[in-house]
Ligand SMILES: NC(=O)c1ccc[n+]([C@@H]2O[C@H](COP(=O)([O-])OP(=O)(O)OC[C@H]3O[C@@H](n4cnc5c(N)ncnc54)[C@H](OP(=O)(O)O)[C@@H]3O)[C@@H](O)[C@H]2O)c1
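Let's start with one chain on its own, the form predicted alone, as structure tokens.
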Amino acid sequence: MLNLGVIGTNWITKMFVEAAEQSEAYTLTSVYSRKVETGQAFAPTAKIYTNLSEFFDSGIDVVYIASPNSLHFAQAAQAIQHDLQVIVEKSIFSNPTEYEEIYSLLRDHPKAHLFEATRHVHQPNFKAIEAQVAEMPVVSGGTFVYEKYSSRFDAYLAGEEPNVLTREFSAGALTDLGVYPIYAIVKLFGMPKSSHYFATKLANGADGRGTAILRYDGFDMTAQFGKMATSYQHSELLGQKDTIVIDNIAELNEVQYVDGQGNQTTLSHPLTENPMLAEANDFARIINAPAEYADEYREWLLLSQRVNQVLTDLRKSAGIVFPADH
């Protein structure tokens, strides 16, 4: 059983803790929170820490980091220096410079592993999409959509500066909801030849929504995402005469394959479990048998680095600069 510590007490942390406990591979022992009362309300039976160094020395094996994006780098670096297993919520780091420094730390601390918590690409329904794409002789392009109105946008409209919509926290639509379609595209097709981002910027310079185009040999993939409105449009991956239709590229509740004659085949299976369970199981498998799954771990780490580079390229193409870039 892996002793789990978490940084952050929000809804996504709660979902991961529940998935970790369902996997029967982890047990929550420590919580880092700025306020003891908040930590106790989140996990009454765990030990609560307001000092990060004491938290990392609390006997945990794995740390799950779900703080604002701009804090990920420093917290992950400190965890790796403690030889811990590190799971960082997306998006993992602000830019490739931070990633290179973390990668250097990983070389110096071979017992530590680093994982980016991008739940959808670990789910069986995404693997069904991958298998179908491999069978398609031609890919003509596609559009992946994840646009969901955020309650924090109400706060922005009221004159506040919520963390998830400010450049100071390396945040915005691209580095939040945009991670889902971009991760899926890069997982399926690798690094694009070029990428462009057309962003709708807020008054503070962060992006509230936007459209990204990733160019490949012979086809383009479009990603539409945002936090200022809700879209019910399906995502599609186009073959020549056939099409993969996805209800939601992040949730992956239903995936259909439509052949050239219009016949539909359901590729997906009903989701009856915590959507983070698959990634929690995958991470535990790597942690518990690192030599056996070394190649798979390296593939995930490389994918995470590639997505980080693409997100940075997209952001720069739209003229969005984070303080962390300096």
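Remember, it's a predicted structure, so these values are computed and weren't measured experimentally. All residue numbers are counted from 1 along the displayed sequence.
From this point on, the text means the form predicted in complex with the ligand, which you will not see here.
S.K.: Taking the ligand as it sits in the model of the complex, is S304 in contact with it (heavy atom to heavy atom, 4.5 Å or less)?
M.R.: Output for S304 is no: heavy atoms all beyond 4.5 Å of the ligand.
S.K.: How about R34: is it within 4.5 Å of the ligand in the model of the complex, going by heavy atoms?
M.R.: Output for R34 is yes: heavy atoms within 4.5 Å of the ligand.
S.K.: Tell me, yes or no, whether R152 is in contact with the ligand in the model of the complex, where a contact means a heavy atom of each within 4.5 Å.
M.R.: Yes, R152 is a contact residue.
S.K.: Determine whether any heavy atom of N274 comes within 4.5 Å of a heavy atom of the ligand in the model of the complex, and answer yes or no.
M.R.: Looking in the model of the complex, residue contacts with the ligand do not include N274, since no heavy atom lies within 4.5 Å.
S.K.: Verify the flagged residues W11, P68 and H72 against the ligand in the model of the complex: is each one within 4.5 Å by a non-hydrogen atom?
M.R.: Contact check passed for all of W11, P68 and H72.
S.K.: Where, among 256-264, 280-288, 60-68, 295-303, do residues come within 4.5 Å of the ligand in the model of the complex by heavy atom distance?
M.R.: Selected range: 60-68.
S.K.: With the ligand left out of view, which of D176, D242, E98, E147 would have a heavy atom within 4.5 Å of it in the model of the complex?
M.R.: Only one option qualifies, and that one is D176.
S.K.: Please identify the residue among F126, F115, F169, Y156 with any heavy atom within 4.5 Å of the ligand in the model of the complex.
M.R.: Answer to the contact question: F169.
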